[in-house]
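First comes one chain, alone, set out as structure tokens in the form predicted on its own.
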Amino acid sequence: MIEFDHVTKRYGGVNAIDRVCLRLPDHGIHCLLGRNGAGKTTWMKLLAGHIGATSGAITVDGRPVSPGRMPESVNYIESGVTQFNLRVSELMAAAADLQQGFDQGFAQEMADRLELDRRKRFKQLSFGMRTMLTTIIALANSSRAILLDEPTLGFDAIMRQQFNDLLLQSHQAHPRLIVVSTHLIDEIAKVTERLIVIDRGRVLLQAGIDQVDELAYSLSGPTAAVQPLLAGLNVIGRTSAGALTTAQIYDHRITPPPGVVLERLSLQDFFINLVGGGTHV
């Protein structure tokens, strides 16, 4: 069990992480969403023990986390991380030698499926293939928690699909906690189980994807018909144009009257309204 207990990380006068309280289970694929500068990377580095909190406590299985007590069970992979300029085959062999419980069969299978040329050296690979190789090595190790920070930067559409398949197969082979930070919101929704939304250093939401799918929707129609329906609902965004209004909701579903249309919100539209929504006339 991972727990953040009123954790704050301050840089100068700015709180990159602001009094975060959060618990994470031992397994599942989680998506960490936030705007640029929201605190996603800081949150991951705090959990991995790469940086220390200004206040509050972080624990993994009840043990405190800090730069002096980095948890061996948590593996943080930063976007654009480099490797020694060895051949692909040599890097995977070195990882197997250094990491107890490294699943070399899984690593080799994934490398073959993604058509990684094992004879090439790391610097000969494209940026996307370098990232994919690093991700394979991370997912093949025996860490109980894997933190992937923007792993799909530089990926084309096919590679993003391959990455999602890689996540699923890794979790099926070795159930554990995987947290992925990404801006490709609707694509990661296909594989993630839970969502964590962070904004300005604070956690706005921690919920299952099924819950978000059920509770996030919009109501569109004449303003005179839509407005009365919003009383008591959690409205996260609203747009009015002339006599028409569209409201974005995160709450229980209602049955709208004739003339008012209810539509589910995509995960991306939900995120945009949750962190940057408001009333627009």
Partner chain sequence: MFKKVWATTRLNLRNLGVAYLVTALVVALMLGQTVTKLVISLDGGDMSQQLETSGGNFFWLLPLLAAILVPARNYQRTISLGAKRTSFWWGALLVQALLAAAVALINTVVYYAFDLPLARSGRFDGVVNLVEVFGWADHGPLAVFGQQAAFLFLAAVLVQALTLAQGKWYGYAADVALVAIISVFTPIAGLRAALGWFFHQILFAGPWPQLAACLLLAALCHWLSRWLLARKAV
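Positions refer to the first chain, counted from 1. Bear in mind the structure is a predicted one, so any value in this text is a computation, not a measurement.
The discussion below concerns the form predicted together with its partner chain, not included here.
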{"property": "Options 220 to 228, 235 to 243, 47 to 55, 32 to 40; stretch whose heavy atom lies within 4.5 Å of its partner chain in the predicted bound form", "result": "47 to 55"}
{"property": "One residue of 99, 108, 164, 170 in contact with its partner chain, assessed in the predicted bound form (non-hydrogen atom, 4.5 angstroms)", "result": "99"}
{"property": "Interface residue in the predicted bound form among 193, 117, 90, 186, criterion: non-hydrogen atom within 4.5 angstroms of its partner chain", "result": "90"}
{"property": "Residue contact check: residue 64 to its partner chain in the predicted bound form, 4.5 Å heavy atom", "result": "no"}
{"property": "Residue 137: touches its partner chain in the predicted bound form, heavy atom cutoff 4.5 angstroms", "result": "yes"}
{"property": "Contact of residue 95 with its partner chain in the predicted bound form (heavy atom, 4.5 Å)", "result": "yes"}
{"property": "4.5 Å heavy atom contact, residue 75 and its partner chain in the predicted bound form", "result": "yes"}
